[in-house]
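Shown next as structure tokens: one chain only, the form predicted on its own.
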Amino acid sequence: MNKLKIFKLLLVIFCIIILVWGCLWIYLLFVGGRQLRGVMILLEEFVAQSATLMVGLCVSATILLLKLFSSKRIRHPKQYYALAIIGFTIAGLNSMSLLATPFTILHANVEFDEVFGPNWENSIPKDVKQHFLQTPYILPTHILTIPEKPILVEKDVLFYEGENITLYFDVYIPARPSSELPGNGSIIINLHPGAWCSGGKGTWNMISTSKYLAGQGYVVFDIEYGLIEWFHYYAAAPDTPVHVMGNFTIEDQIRHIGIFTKRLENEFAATYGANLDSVYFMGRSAGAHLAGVSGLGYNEEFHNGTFSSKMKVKGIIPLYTPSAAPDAFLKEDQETNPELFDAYAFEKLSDPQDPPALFFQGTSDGQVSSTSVETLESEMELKGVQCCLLIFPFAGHANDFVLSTNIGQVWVYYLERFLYLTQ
């Protein structure tokens, strides 16, 4: 076999691998990783965000295969055109997340209309809008990324030492005076994902979002909390810090977050020019649950004394959130102590005095069911909490990692408007 034939064979194999890869992406886009588990749970987090790239790869692979097999077009036309149909179908199905973007935008507008009124967009001054994304999605930004604004970052600031752990935070602050920006120094307490027993601040907590919000005038605290070391999560982050691991429960994690808010009141708000009268809890997955419990529970009798009494919570931002704590991660289970379970469940904590909520949820999330989040939103609204739910068809867990994608752009567009309207 000569070198040219070997090269062609390698090209064919490479193109087939891409198309098979595209088939796997289709499965995860439509179903998520729940059924296959294992590594598929992790892959799911990158699928919708990279689907547009996969479309390009599959189209290129198909065209290349058709070119390599062009001699078969006359002798074996059925096989030739079947190859074309299969290749372009794989590419087309991978484009479903992108094609669903108009639905996401329409649904988001309906949600915002219900909470803020039909003229909510006009209530944002033009001098404020100039800092925002001008449209929910444009293709050039998908390719070129969202421009970054100057910010300042301080990492690994100690806020708690005890119980054989040390807890730190990273803080992202605007380089310009925050009074000149939409955020006006509002505080965002950002809580990382990891099933209450894994992960950490930084990379796994979507640094790009923290940087973007700091550039808009918010002071973003990306904080650690004690992790549950006795439960071995099958998809644990490999760089989970050792210094946060301990024999904890979710009650302890909320207590650690409360300790941070008290340090915030006494020290950090003044140090970083942050506004205690405008505080948001934001989190992802397990961090979303902790953010929701903090934001809905800080004014509840059960959590009295846990959080700073001086801060004013203006909103919660739970992304792909569980609605309640797993029994195993509390000191007592729901049957033994229903009051304890209710104190860590969104629906039970909800009341008309609670701040508004902005939810992010993908329909193909293999770890948190989109149906459960839709039900949660309805239950919270019945309890008097104003809720906006952003639904992303074909998106899985943690699909906000890259802000320039169709998912990321829509998320940022409505996130920055929600924050401004609720300050």
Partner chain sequence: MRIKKKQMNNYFLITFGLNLATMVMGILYFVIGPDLIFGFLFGIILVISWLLDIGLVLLDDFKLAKNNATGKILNRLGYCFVFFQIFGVFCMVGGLFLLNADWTSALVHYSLIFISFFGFFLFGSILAYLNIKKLDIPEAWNFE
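Numbering follows the first chain given and starts at 1. Since the model is a prediction, treat every value here as computed from it, not as a measurement.
As for the form predicted together with its partner chain, it is not shown, yet the points below apply to it.
Residues within 4.5 angstroms of its partner chain in the predicted bound form, judged by any non-hydrogen atom, belong to 141 to 149 and to none of the other stretches in 141 to 149, 314 to 322, 285 to 293, 258 to 266. This chain appears without its partner; in the predicted bound form, the one residue of 165, 250, 195, 206 with a heavy atom within 4.5 Å of its partner chain is 206. The listed set 239, 161, 301, 333 contains one residue whose heavy atoms approach its partner chain in the predicted bound form to within 4.5 Å, identified as 239.
Site residues 120, 371 and 407 are none of them in contact with its partner chain in the predicted bound form, judged by any heavy atom within 4.5 Å. Not displayed here, its partner chain is kept clear of residue 116 by more than 4.5 Å at the level of heavy atoms in the predicted bound form. Remark: residue 155 counts among the residues lining its partner chain in the predicted bound form, judged by a heavy atom distance of 4.5 Å or less. Within 4.5 Å of any heavy atom of its partner chain in the predicted bound form lies no heavy atom of residue 382. The shortest heavy atom separation between residue 375 and its partner chain in the predicted bound form exceeds 4.5 Å. Interface residues of 301 to 329, taken as those with a heavy atom within 4.5 Å of its partner chain in the predicted bound form (partner not displayed), are absent.
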